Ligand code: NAD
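Presented below, as C-alpha cells, is a lone chain in the form predicted on its own.
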C-alpha cells in the first residue's frame, strides 16, 4: 500500500491523545473513525472538535470551508467495527495497559481490511508485545505522537523485528502528510528516544522532591530557567497526566520485577488521591480556578 492509498484513518481511544490525532487527521483531509467504549469520552471529543475547528477559523488558520470539511470527515462511535471496519490505517491510543492493547489489536485484526496497517501510539509499550496477537505482524509498528498532538511536531516511528520496511516507510510518509517531523527508530527500545531522555529527568526530579531537597515549583523553575526547557518536569506531568505516569511505571515494574522501576511515593500518593494533573483540577499544581 502507498500513502496515497490511505483514505480513512481509524483512531482507537477518544481521550486527550486520541481525539487530537483524530481532529488532526480530519483537518489534513482524511476520513476519520474515532472509537471509544465510553460515550461520555466520545461526547467530550465531539465538543472539543466543535470548539477547536471554529477557533482555528477565527485565528485565520483554517477557512470556514476547511473547518466544515474537517468536521464532515469525523465520526465518533462506540462500535469498533462500525468506526474502523473500512479504515486503511489505524492508530491505537488507548490507556497504557498491555493486556488492554493486546485485546484491542486482536479485535482490530479481525475487523480491519487485510491491507490495513495497525499502529500503536504507546509511549513505552513496543509493538512486538501486541503484534503477535494479529495475523499481520509485518503491518504493525509504533507511531508515537506527543501531547498536544495537534501542536507537537515530532512523531516516533519504531520498527519492531516483525515490522516490514514498507510499513515503516508508510508510517513515516503518513506522519509527514499530517504535517509532522517523524523520526525513525531502527529497532525497539523501551521508552524510545524522547521518553528515555525525559524519564531520566523526571526520575531525578522526583527523587529530589521525595528527598525533600526542593519543592516541585523550585525544581521546575530551575529546569526552565537554567536548562531552557519550556516546561518543568512537574508541570509537564500535570499536562500529560500523573495517572499515565503511574500506569507506565507499573507496567514496567510488572515486566521487570525490579523495585527500582516502581513509581515514586509521590506518584503513588497522587494517583490514589486522583490528583492526576490538569484533567482533575489538581496535580503538582492547583488548577481548580481554571476549571
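Residue numbers count along the first chain shown, from 1. In this text, rigid core is short for the largest set of C-alphas that superpose within 1.5 Å between two forms. From a predicted model like this one, the values you see are computed outputs, not experimental measurements.
The protein also exists as the form predicted in complex with the ligand; that form is not presented, and the subsequent description refers to it.
Heavy atoms within 4.5 Å of the ligand in the predicted complex map, among the stretches 215-223, 167-175, 197-205, 117-125, onto 117-125 alone. Contact check for 16, 96 and 145: all three have a heavy atom within 4.5 Å of the ligand in the predicted complex. Interface membership of residue 41, defined by any non-hydrogen atom within 4.5 Å of the ligand in the predicted complex, is confirmed.
The shortest heavy atom separation between residue 231 and the ligand in the predicted complex exceeds 4.5 Å. With a 4.5 Å cutoff on heavy atoms, residue 12 counts as touching the ligand in the predicted complex.
In the predicted complex, none of the heavy atoms of residue 227 sits within 4.5 Å of a heavy atom of the ligand.
With the partner removed from view, the residue among 67, 45, 35, 26 that has a non-hydrogen atom within 4.5 Å of the ligand in the predicted complex turns out to be 35. Checked against the ligand in the predicted complex, the candidates 151, 189, 154, 100 yield a single residue with a heavy atom inside 4.5 Å, and that residue is 100. Residue displacement note: residue 62 has its CA displaced by under 2 Å between the shown form and the other one (rigid core superposed). Relative to the superposed rigid core, the position of the CA of residue 241 differs between the shown form and the other one by 2 Å or more.
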